[in-house]
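A lone chain, given as structure tokens: the form predicted alone.
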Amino acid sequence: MKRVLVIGATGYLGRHVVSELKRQGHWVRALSRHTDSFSNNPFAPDEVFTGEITQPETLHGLMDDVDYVFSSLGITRQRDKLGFWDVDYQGNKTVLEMAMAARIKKFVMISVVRPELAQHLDIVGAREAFVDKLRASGLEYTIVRATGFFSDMMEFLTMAKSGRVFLFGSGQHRMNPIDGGDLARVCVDAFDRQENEIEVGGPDVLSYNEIAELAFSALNLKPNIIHLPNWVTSAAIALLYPFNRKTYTIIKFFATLTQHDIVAPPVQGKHLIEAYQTAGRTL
């Protein structure tokens, strides 16, 4: 039985990792800002450590009696004033320094496939700066690089329900998005693997046009896909920058990735259409 600390435990992937660790019989401590974060989870962590990653004074004892650390810590849709360098870089760096002092056995973290495509954006640049710190730490580590999460693909389903799906560019580039539960198994298995980096995606390689069509199909709607020319996309996104840099960065990140193939070695598991059909029943 491993004793694992999960950072970013209340996010989409973090919750799946906590559940997978518990399913495999490991002891789990989850860092959270709230004590009741897992009250409805059948695979709740053994201990919820209440603290704030950007306030190190609240983290005393976080590493006590743990041997492994998993981090999916990062900004996605938080509406606070913190930036990517505050959380994705400095927050993870704080945890890493504590892990080094505690001499943990291994540190596993999540990042993106093909980071060079968007490393000029803070959402990737901050995380990859932390990756450099992890590589130089002297700890045993694995960076799991994943394609898009199914949770991100739900934006297509939401647009389809409204009657139209907007795509950046031609929609012909491909990716193989992965279910959170399937990715969690890869992350947990990484504690026992020797690779420093693992790339992983889901079982289906799909163009963005095909992803949009699947969303309409799950809702039994006729496809209505609108392709936005790249110059329109760039101009519209640029207008966001003076008003909300965080939102600008997130949208620019996704717009950048859709102009390239983001395909990683597949794992067998859940198909996107299954996730769409399940989610479509509740929309």
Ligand SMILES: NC(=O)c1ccc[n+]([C@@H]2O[C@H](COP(=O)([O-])OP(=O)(O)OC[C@H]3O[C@@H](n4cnc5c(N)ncnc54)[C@H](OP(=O)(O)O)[C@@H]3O)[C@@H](O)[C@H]2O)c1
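Just so you know, these numbers come straight off a predicted model, no measurement behind them. Numbers follow the displayed sequence, beginning with 1.
There is another form of the same protein, the form predicted in complex with this ligand; it is not shown, and what comes next is about it.
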Contact residue in the predicted complex, from 73, 211, 165, 187 (heavy atom within 4.5 Å of this ligand)
73
Please identify the residue among 197, 152, 97, 140 with any heavy atom within 4.5 Å of this ligand in the predicted complex.
152
At 4.5 Å between heavy atoms, is residue 112 in contact with this ligand in the predicted complex?
yes
Please check if residue 147 has a heavy atom lying within 4.5 Å of any heavy atom of this ligand in the predicted complex.
yes
Would residue 122 count as touching this ligand in the predicted complex under a 4.5 Å heavy atom rule?
no
In the predicted complex, does residue 87 have a heavy atom within 4.5 Å of this ligand?
yes
Each of 11, 53 and 127 having a non-hydrogen atom within 4.5 Å of this ligand in the predicted complex: is that the case here?
yes
Partner-proximal stretch of 203-211, 103-111, 129-137, 156-164 relative to this ligand in the predicted complex, 4.5 angstroms, heavy atom:
103-111
